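Consider the single chain below, provided in structure tokens and representing the form predicted on its own.
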């Protein structure tokens, strides 16, 4: 879909040599911090901007220079832009009416979309009478009724509260599976992207840092930036020892690695859920260190601990029901993890957000 895209605004390079292909029928997310270029890429796809270099294709057709109305795409923005003087039914049917569809087709398709987004009982209400979630569903129905090949969504849930956002993610995934249209979803929220995406492109500084499934990106991050941006992680930096199967961490000691380090400086990532806590040193363990509980946060499904190891702090996550969740701030404990539960990052100099 995108091939060697460059886009600058004055001296600011918003996108640099970006290439990626979105598969037909998938939910594809562009994920990254503010200013990474994800919305610029979406606006290029929609035709609201044009690249300085590169090509954009849709279904094999070059649409790089086409205006928005000539592209088989539709866009939903953070501001749903519903017509306040029109009812839900009128908002949904606005596009077909403008396109000159026959009246019977407009009526039939409008009722079908009302049923699809479960708004039949709200069909005659005005936007000001709707909840945030209902407005979002009207915007979705209005975009879908024109049967675009691709639906572009620019952080559509940013204004919703957490519970409603979670519910709308489920609704969005259900709708996509029913209609089978390709969705390209822009978000800075890793939870949103991980929840519904078939694949994710993690972006930073106008470039793609990693592209893959949520599982692949979480379990095998390409660098420190991706590892830190997707979920929480303990990052340990040290000097390679011997054959590279271990490293020295200053002030901590020897840490056993999951694979052989190829650089003199190695960076190991260990997710908090992989770190175990115990009152006594385990008989068998690759990486065992003694520390003091510095902080304890109860989060319902799990409890998050910060353990002071002297030279660094390590986070550990225990599931609800664990007998060790009674550990309190100031208690002594051992942290340990298996070598294979860590991830040796391929670059030791990647930036952290």
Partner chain sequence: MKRRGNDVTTWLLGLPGLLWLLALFVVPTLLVVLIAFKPSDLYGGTQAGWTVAAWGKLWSPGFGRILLRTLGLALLTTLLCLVPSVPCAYFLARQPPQRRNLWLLLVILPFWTSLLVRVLAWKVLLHPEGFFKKVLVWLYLVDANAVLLYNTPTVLLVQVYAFLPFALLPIYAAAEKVDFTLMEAARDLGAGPAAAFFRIFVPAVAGGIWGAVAMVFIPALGSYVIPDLVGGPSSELIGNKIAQRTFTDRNLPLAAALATCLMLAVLPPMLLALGRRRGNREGLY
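Source: prediction; values computed, not measured. Only the largest set of C-alpha atoms that superpose within 1.5 Å between the two forms is called the rigid core. Positions refer to the first chain, counted from 1.
There is another form of the same protein, the form predicted in complex with the partner chain; it is not shown, and what comes next is about it.
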Residue within 4.5 Å of the partner chain in the model of the complex by heavy atom, from 86, 196, 211, 164, is 86
The one option of 187, 75, 136, 110 with any heavy atom within 4.5 Å of the partner chain in the model of the complex is 75
| field | the partner chain in the model of the complex: contacted by all of 67, 95 and 129, heavy atom 4.5 Å | value | yes
Next item on the list: Could you confirm whether residue 224 comes within 4.5 Å of the partner chain in the model of the complex, counting heavy atoms only?
Entry: no
Q. Even though the partner chain is not shown here, does residue 153 get within 4.5 Å of it in the model of the complex, heavy atoms only?
A. no
My question is simply whether residue 204 lines the interface with the partner chain in the model of the complex - judged by any non-hydrogen atom within 4.5 Å.
no
* Asked: Are any of the heavy atoms in residue 158 no more than 4.5 Å from a heavy atom of the partner chain in the model of the complex?
  -> no
For the partner chain in the model of the complex, the stretch among 110 to 118, 168 to 176, 67 to 75, 261 to 269 with residues bearing a heavy atom within 4.5 Å is 67 to 75
Residues in 130 to 153 that come within 4.5 Å of the partner chain in the model of the complex by at least one heavy atom, in order, are 142, 143, 146
Original post:
Does residue 264 move its CA by 2 angstroms or more between the shown form and the other one when the core is aligned?
Top reply: no
After a core superposition, would you say residue 124 shifts its C-alpha by at least 2 Å between the shown form and the other one? yes
